[in-house]
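Encoded as structure tokens, the following chain is the form predicted alone, with no partner shown.
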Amino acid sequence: MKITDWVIVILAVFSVTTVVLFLVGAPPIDAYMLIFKGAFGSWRHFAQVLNVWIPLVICSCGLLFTFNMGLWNIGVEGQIMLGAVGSTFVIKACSSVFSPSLILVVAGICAILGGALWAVAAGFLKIRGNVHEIFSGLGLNFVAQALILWLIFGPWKRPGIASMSGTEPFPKSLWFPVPAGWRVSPFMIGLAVVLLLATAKVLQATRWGLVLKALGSNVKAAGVYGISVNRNLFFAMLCAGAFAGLVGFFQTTVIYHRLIPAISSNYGYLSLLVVMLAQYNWKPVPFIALLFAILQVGSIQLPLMLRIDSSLSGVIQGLLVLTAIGVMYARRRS
């Protein structure tokens, strides 16, 4: 979309949101100011914004591969969960055997493998069983959630109790290192930027990126030119799952330091909105992800100060996507 289109979308969304706030009896200016202060009021708040931005960018990078091929990788949520399970397994199994640095490296690798294998499972169901990736992805999301609950209340339950708070916290030596006072990992910020640039490079300047776009535009025509649909589907899902698994590693070792039932924090579904709003283009992704992170963190203040449910951020995010789709449709019709 052009810059003028984005201006139209943002104005339309905040106009509708303002009307909604008036209808529920909440002062719109106060609500917007609280969201802003909740995101930028202190370094602690902004660090929380960055801790949401990191997984959104990484997950969105993986989704760019599948969306450019025309695949709706709804199973990204479950792929995050399996990444978290993989990293937790390594940490629990090896905490007293190897050095913390080696354990974290192996945990990261197992998280990537866990997410990738879960994505490949959805791809296999599509290739061999002709099951649409939306249905297989959603089904595998439920299986992943059930697996996590079984682990938390079963083999990995806390000593003497089984709690929704999750597994026993990891030893502090196995927390991913974060500089004192930062509350956010500079390494993970840098990794998110590197992955974004690498994704852009692959999609824009490699033969495989061109192949993915060709398949997304016309699968039948690509097949005529000898392009293997199944092989490229497999590798696109593999990349998306690997990136999602890395987010699972981030959530367990940097944020929560344990496995919890809501370990994905719905970042998979939120990343789907980010990529759709970006129109499958890498350039707007970091900015849209930042906007979503600001809304996600800043809206926490709303219930405390104005007694407005924090789900208002979800309303704004949904309106952004729907309005953008409407503007794009109007442009095509004109």
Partner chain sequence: MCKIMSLFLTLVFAFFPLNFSAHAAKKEFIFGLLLVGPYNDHGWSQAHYEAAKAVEKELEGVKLLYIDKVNPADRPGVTIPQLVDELVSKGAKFIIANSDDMKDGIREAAEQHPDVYFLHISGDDVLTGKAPKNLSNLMGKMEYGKMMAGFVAAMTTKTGKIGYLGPLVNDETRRLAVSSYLGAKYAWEKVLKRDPKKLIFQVSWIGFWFNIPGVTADPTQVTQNFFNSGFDVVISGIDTTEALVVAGQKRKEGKNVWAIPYDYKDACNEAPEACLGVPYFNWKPGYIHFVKSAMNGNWRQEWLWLEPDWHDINNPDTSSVGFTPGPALKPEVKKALAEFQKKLGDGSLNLFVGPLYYQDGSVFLSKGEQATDTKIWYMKQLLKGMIGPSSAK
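Positions refer to the first chain, counted from 1. Treat the numbers as computed from the prediction; the structure is a model and nothing was measured.
Beyond what is shown, the protein has a form predicted in complex with its partner chain; the following relates to that form.
A.B. asks: With the partner removed from view, which of 70-78, 129-137, 153-161, 201-209 is the stretch that lies within 4.5 Å of its partner chain in the predicted bound form, judged by heavy atom distances?
C.D. replies: Looking at the other structure, the answer is 153-161.
A.B. asks: Which one of 214, 195, 106, 255 is close to its partner chain in the predicted bound form, taking close to mean a heavy atom within 4.5 Å?
C.D. replies: Of the candidates 214, 195, 106, 255, 255 is the one lying within 4.5 Å of its partner chain in the predicted bound form.
A.B. asks: Using a 4.5 Å heavy atom cut-off, which residue among 262, 229, 93, 147 comes into contact with its partner chain in the predicted bound form?
C.D. replies: Here the answer is residue option 262.
A.B. asks: Should residue 169 be classed as touching its partner chain in the predicted bound form when contacts are defined as heavy atoms within 4.5 Å?
C.D. replies: Heavy-atom contact with its partner chain at 4.5 Å: present for residue 169.
A.B. asks: Is there a non-hydrogen atom of residue 303 within 4.5 angstroms of a non-hydrogen atom of its partner chain in the predicted bound form?
C.D. replies: Residue 303 belongs to the contact set for its partner chain.
A.B. asks: May I ask you to state whether residue 309 is within 4.5 Å of its partner chain in the predicted bound form, using heavy atom distances?
C.D. replies: Answer yes; at least one heavy atom of residue 309 falls within 4.5 Å of its partner chain in the predicted bound form.
A.B. asks: Answer with yes or no whether residue 165 is in contact with its partner chain in the predicted bound form, where contact means some heavy atom within 4.5 Å.
C.D. replies: Yes, residue 165 sits close enough to its partner chain in the predicted bound form that at least one of its heavy atoms falls within 4.5 Å.
A.B. asks: With its partner chain taken in the predicted bound form, which residues across 38-61 come within 4.5 angstroms through any non-hydrogen atom?
C.D. replies: If the 4.5 Å heavy-atom criterion is applied to its partner chain in the predicted bound form, 38-61 yields 40, 41, 43, 44, 45, 46, 48.
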